[in-house]
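Listed next as structure tokens is one chain, alone, in the form predicted alone.
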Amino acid sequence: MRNDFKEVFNLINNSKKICIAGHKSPDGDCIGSVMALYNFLKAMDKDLTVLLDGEIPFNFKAFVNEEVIAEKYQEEFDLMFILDCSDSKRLGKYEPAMKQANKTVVIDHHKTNEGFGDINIIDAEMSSTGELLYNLLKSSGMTLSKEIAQFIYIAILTDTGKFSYSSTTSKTHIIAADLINLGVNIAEIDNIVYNSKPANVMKAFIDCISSMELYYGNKFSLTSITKDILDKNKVKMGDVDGVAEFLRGINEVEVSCVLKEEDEFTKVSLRSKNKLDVSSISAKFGGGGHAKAAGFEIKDNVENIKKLLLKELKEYFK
């Protein structure tokens, strides 16, 4: 990986126009990583284009200058960074931008990522893409600014479930300590990210929880975020976050699931806390992720996807 790091910086030094892209419906790890890299390269006076398919959720807006996120791209790029994407389809509507780049660098920590860039920096042992990016940026020998440190901390904090997931290691905590030493205000970040739900978002969250269903001796919990719930509460899909994690908190539940109704598609978010590797389930349907957190989407309605999942999980819970 050291050789890959060196090659990445060779490409950066020889590139002027650089694109930075993350996955569609961006979460904290994606947003934090993309914006950290943006600020790092901006200090090097690069001509940057940031592409994210989907709106920034309300609890990250305080940190992000959304004016730097482009809606369109027309020119070719010397170099394109693709962050936190297990495959090119995760770029959403910006997947064609890869063809506009002379070179592509993929930085990711999903074990289902088979490497689709010219350079692939992939480590499934990392807690987050943010942690992997930290190692890359630190290898440059340059001092990270407080703003860069803040974005990396957000990436790590959110993708480790506040440092509670099994992917969190002693190295993760050492990195967090370094970021704090660089000036990151952890109490402020925690308050904004986790304790700032507007009333209408909280009501939508409660509506989702109240429609929860339990199966297989309460070992499988399932609910849906429908267009009706979003319209009723005047919220967007990306704002109603953490439902799957909340359902996983039920004592008997081993796997939780949230079905998200999006136009002709249903997006499936799976969470596990014991033996079942939900990434293996997601992979069967063209998705990916981690053992304890994964997802996929299918062009079908919520009810049909529910039946599909109940059938898929029947043998395991039997």
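The first residue of the sequence shown is number 1, and the count goes up from there. Computed from a predicted model, the values in this text were never measured in an experiment.
In what follows, reference is made to the form predicted together with guanosine-5'-monophosphate (5GP), a form of this protein that is not presented.
Shown alone, this chain has one stretch from 61-69, 281-289, 247-255, 34-42 that lies within 4.5 Å of guanosine-5'-monophosphate (5GP) in the model of the complex by heavy atoms: 281-289. Within 4.5 Å of some heavy atom of guanosine-5'-monophosphate (5GP) in the model of the complex lies at least one heavy atom of residue 86. Looking at residue 293, you'd find a heavy atom of it within 4.5 angstroms of guanosine-5'-monophosphate (5GP) in the model of the complex. By the criterion of a heavy atom within 4.5 Å, residue 269 is counted among the residues contacting guanosine-5'-monophosphate (5GP) in the model of the complex. Not one of 7, 17 and 103 places a heavy atom within 4.5 Å of guanosine-5'-monophosphate (5GP) in the model of the complex. Contacts to guanosine-5'-monophosphate (5GP) in the model of the complex (heavy atom within 4.5 Å) from stretch 92-111: 110 only.
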